[in-house]
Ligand code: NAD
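Presented as structure tokens, the chain that follows is alone, the form predicted alone.
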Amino acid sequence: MLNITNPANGSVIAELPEDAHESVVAKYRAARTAQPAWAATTLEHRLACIRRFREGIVRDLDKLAAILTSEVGKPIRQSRNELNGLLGRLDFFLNETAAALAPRQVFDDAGLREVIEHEPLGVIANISAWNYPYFVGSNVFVPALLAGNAVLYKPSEYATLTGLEIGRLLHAGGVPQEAFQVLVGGGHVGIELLKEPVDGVFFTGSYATGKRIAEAVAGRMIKLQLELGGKDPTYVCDDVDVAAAASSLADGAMYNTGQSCCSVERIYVHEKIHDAFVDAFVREAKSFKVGEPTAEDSYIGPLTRAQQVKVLQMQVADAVAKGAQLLAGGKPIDWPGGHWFEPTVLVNVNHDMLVMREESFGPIIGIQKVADDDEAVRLMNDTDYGLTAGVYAKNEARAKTILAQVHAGSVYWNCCDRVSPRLPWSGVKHSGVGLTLSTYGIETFTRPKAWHLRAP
């Protein structure tokens, strides 16, 4: 049995039977059998299923938000924000899939035509994440289903109830039970799923787990896509509105209790404004309301995973031992049964410290003073990751010059912690391979077929 616990207080809110080898095999075989018939339906039919799924999200939004908050600990307003944000993402797929997957004639001369068509990959294994289960999951299962694939969806064990709700709403919308199946359980269920001869593996999570998945499917010549972690940097230039930049970046670092792949995790500030920026940032961080995630005014909730408390404690202790100054937070919050950590700000940091090198995934930030743009670029690139990076500056040309030198899949000017369905979501280095979102993220669930057609 899988116990679902509330990270705010440790209470068990559900007990669910876990999948095992036999049930994983059965679900794979059912998906394999169902996929050709699902692919043979018209695209308009599949779009209609997703439209009804969207209607279900709207109808049940408050219920879904409460479930998400109960098992992940996301403050209730932020849970509703995720669901409301999902609607725009679904609209993108609904509006763009037909054009993205339409056959395209690329040559026609002397009776010879060349055409590109898109065929579904087949059966997709989608091992998803807990921090934004609706966003992260829909990036995969929606375009995969629209392209005619069957999906074996394993939500994180920390967001299982949400995963089951997703399955309920998809099936109510008309997606066949066998074409979208939810697998319940922890990492061992993912291991069993990877043993099946699926046609693609799409994973979102840590670099360590992504590496193990890549090794598990090595040599099988299937589509592998890994959206992994980040140690996302931002540089604050000397010409900014300090208060506005500090407010934006504090939110970028602490929203969702800092548990986002693209949370701001490192900040570099030009020495001319460093002290003023730090003062403004600390004021902002201290203003964030820590409270029960069900309360409307709570901004900081519990950490979803108990083990992350120790990670943050270790990063703080390491930084302070090496000369960092702690200006806010720095320790767990005494909350019976829960996993809570104070919003934490460290200065006088450097790259000898874990907080500036290893993913934190919590409400903690290191702020480092830099002399100029060149030093900022060097430090921003001094990482094993490359998911997002940002620059706050008045001058767009200056910001673009800096960001062009930074190795990251997404870059921001005067904004942060942002994902758009219209733009590809990808990373470099340990942040992963492949992409989701944009029209490229629709095509990624297909196999392009080249047609050479000569009239007799």
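Given the structure is predicted, the values throughout are model-derived calculations rather than measurements. The first residue of the sequence shown is number 1, and the count goes up from there.
There is also a form predicted in complex with ligand NAD; it is not shown, and the following applies to it.
When ligand NAD is considered in the model of the complex, only one residue from Leu145, Ala125, Leu346, Leu228 comes within 4.5 Å through any heavy atom, namely Leu228. Here is the short version: of Leu68, Ala393, Ala31, Leu387, the single residue with a heavy atom within 4.5 Å of ligand NAD in the model of the complex is Leu387. Not one of Val242, Ile273 and Ala276 places a heavy atom within 4.5 Å of ligand NAD in the model of the complex. Contact with ligand NAD in the model of the complex, defined as any heavy atom within 4.5 Å, is confined among 77-85, 366-374, 211-219, 112-120 to 211-219. A residue is said to contact a partner when one of its heavy atoms sits within 4.5 Å of a partner heavy atom; Val136 meets this definition for ligand NAD in the model of the complex. Interface residue remark: Phe203 is counted as part of the site for ligand NAD in the model of the complex, having a heavy atom within 4.5 Å. Under a 4.5 angstroms non-hydrogen atom cutoff, ligand NAD in the model of the complex lacks Ala98 among its neighbouring residues. Within this chain, Ser248 is remote from the site of ligand NAD in the model of the complex, having no heavy atom within 4.5 Å.
Contacts between 134-163 and ligand NAD, taken as any heavy atom within 4.5 Å in the model of the complex, involve Val136, Lys154, Pro155, Ser156, Glu157.
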